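Next up: a single chain in structure tokens, the form predicted alone.
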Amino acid sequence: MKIPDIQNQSDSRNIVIDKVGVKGLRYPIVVEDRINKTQHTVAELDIYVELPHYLRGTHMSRFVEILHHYHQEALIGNLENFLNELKDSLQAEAAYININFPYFISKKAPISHISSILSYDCEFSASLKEEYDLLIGVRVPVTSLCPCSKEISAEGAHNQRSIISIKARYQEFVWLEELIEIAESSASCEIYSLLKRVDEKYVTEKAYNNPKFVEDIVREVTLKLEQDDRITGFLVESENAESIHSHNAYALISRLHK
């Protein structure tokens, strides 16, 4: 008995679907680690193709099937090959993959020098149409202290945890750690997983003496990225979870156009 292939039926509506595929697929990956050479982590993958106007549907199982071809290899180093295979198998003009994963770095507290592990949300976003394109990204938690609050208050100033997001396109290799360091150095103070009292005093005073608006943060990150000849395009965002408002403060600068 031949099982019908419903997805492969023709479609007469003449509408291309920009992206169709699978989302939220959890998968083990290996990424390059500046200190330890490699790091094993678990990613959440979104994988899509462009669906031609003449096909009713795509073959969802092939996304996972093709992904498994790269299970024993370094998927991150073979993203272009993976997308090429996806395009060929699914008769697609374009293919996409977004890989989001936690990346762990050991950090020493600033005064006590006690080590602890901090997690950063990172991503690789690759596409293949006429050309292959890859963006790497980091989301970095930091502290920001409000310059206005410090200026107008007789005592203290409000601060908050902020998230700095950087997405970068490069022509020579860039470490995730480098983008994280750029973000942390552009905030009022970086954060740590473990602080003793002497460390807490240090980070509190450092933030107080280094107030930053979200506008200051994205501009400082931009200046640092523009000075790096390896980076050919980027997008930077800063979002403050305001401690005295019910809304967040936000700023964005994009240099992603080719």
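This is a predicted model, so every value here is computed, not measured. All residue numbers are counted from 1 along the displayed sequence.
The protein also exists as the form predicted together with another copy of the chain; that form is not presented, and the subsequent description refers to it.
*Asks:* For the interface check, one of 174-182, 98-106, 124-132, 77-85 should have non-hydrogen atoms within 4.5 Å of another copy of the chain in the model of the complex; which one?
*Replies:* So the stretch in question is 98-106.
*Asks:* So in the model of the complex, does any heavy atom of S193 sit within 4.5 Å of another copy of the chain?
*Replies:* Because a heavy atom of S193 falls inside 4.5 Å of another copy of the chain in the model of the complex, the answer is yes.
*Asks:* Q227 near another copy of the chain in the model of the complex, any heavy atom under 4.5 Å?
*Replies:* Flag for Q227 set to no.
*Asks:* With a 4.5 Å heavy atom cut-off, would you call T232 a contact of another copy of the chain in the model of the complex?
*Replies:* T232 lies outside the contact set for another copy of the chain.
*Asks:* I'd like to check something about P110: if you look in the model of the complex, is any of its heavy atoms closer than or equal to 4.5 Å to a heavy atom of another copy of the chain?
*Replies:* No, P110 stays farther than 4.5 Å from another copy of the chain in the model of the complex.
*Asks:* Heavy atoms within 4.5 Å of another copy of the chain in the model of the complex is the criterion; list the residues of 182-213 that meet it.
*Replies:* Contacts from 182-213: I191, Y192, S193, L194, L195, K196, R197, V198, E200, K201, V203, T204, E205, Y208, N209, P211, F213.
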